[in-house]
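First, one chain by itself in structure tokens, the form predicted on its own.
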């Protein structure tokens, strides 16, 4: 049995055999969860916060989170995008409550009416000088010395990322050329938002990120994928992993010879049912809009961003930790500004594939909870992540866990394990 060796330090230890063993306490330990906020989400990482299409005009804003930190992202008068902590400098209340909106020039805290400009600077204190010469703030108060923390922002093909760290490298360097090219492949023009929702997951945030990077499970867990041959391990494709391990892109290319493959049936895997039919086969009426025969691409950016292309269903997902065993998953479906009415209808139909009740991905909403419950008494045990070898290199197969190991490579570097 694989177990974790005793460690003399007060901080919990990682197994000595590196990326192929992941200790289960990493999904359960409160101190580790708090440490992640500082070392990862508030550290030198680019965190996805919204789409540029979310905030097209002056004063348009979205509220979101960077790890546990509530954040406001807003379009300034000159077109720049600012991000700052959604916390009033006075008593700590949220400055903005709604998911988004427009404030033109000023945010005003509902608690005591302190006001902030579109860059997050404190600009006004209600009754700062008191009433009739009595009360009020001290005369030497300097508003510029008070305010929420500000984040650096960057944009990339319509995506907006933010970081608290001055050490975070430029986004192009952070991603690397290969992953950057895979983002550019999908985000080929101005975006049009089609819908959004938030899904609550009963598990640690890292279990969902692992699931996204785990190409091995996709056609085994998801009955719809295997049965209707959207993605199967017997098809063409592979996994691209960035040199630092943190980012990945997996892809599937349809192969004619897979249509006669009996590999799944021979292994009696539940994810292929020859007796299932679609009442409306038009659901899977897909076109090759990117001109490369890739029918599915799932891409992740460390720590918690996902860009999805499943046939013509396009979406971004944002993974937000809410506790050691709770995660919010924010989905935003999109198309392109120049989509034809026919393409728009196609995307709308195919959006039924993914989400909490999606034909494909409803299982992902519960399987992380199965793991969280399964490891409840196994904190000192480890998982086995050996499919496809021991490293975290790109591979020309999806029967591998190389990008999962890549995540742990990046995670351990950030956390100092």
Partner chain sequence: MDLLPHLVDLNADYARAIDNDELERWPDFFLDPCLYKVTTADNLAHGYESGIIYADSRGMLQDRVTALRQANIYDRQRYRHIVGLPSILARNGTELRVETPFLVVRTMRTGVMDLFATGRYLDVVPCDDERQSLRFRERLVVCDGARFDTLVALPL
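What you see is a predicted model; the values in this text were computed from it and never measured. Residue numbers count along the first chain shown, from 1.
What comes next is about the form predicted together with the partner chain, which does not appear here.
Not one of 18, 39 and 205 is positioned with any heavy atom within 4.5 Å of the partner chain in the model of the complex. When contacts are judged by a 4.5 Å heavy atom cut-off, residue 33 does not count as touching the partner chain in the model of the complex. Among heavy atoms of residue 197, some come within 4.5 Å of the partner chain in the model of the complex.
The closest non-hydrogen atom of residue 333 lies within 4.5 Å of the partner chain in the model of the complex. In the model of the complex, the partner chain lies within 4.5 Å of some heavy atom of residue 223. The partner is absent here, but in the model of the complex a heavy atom of 201, alone among 73, 301, 241, 201, sits within 4.5 Å of the partner chain. Residue in contact with the partner chain in the model of the complex (any heavy atom within 4.5 Å), chosen from 375, 348, 68, 387: 348. Exactly one of the stretches 379-387, 44-52, 22-30, 348-356 approaches the partner chain in the model of the complex with heavy atoms within 4.5 Å, and it is 348-356.
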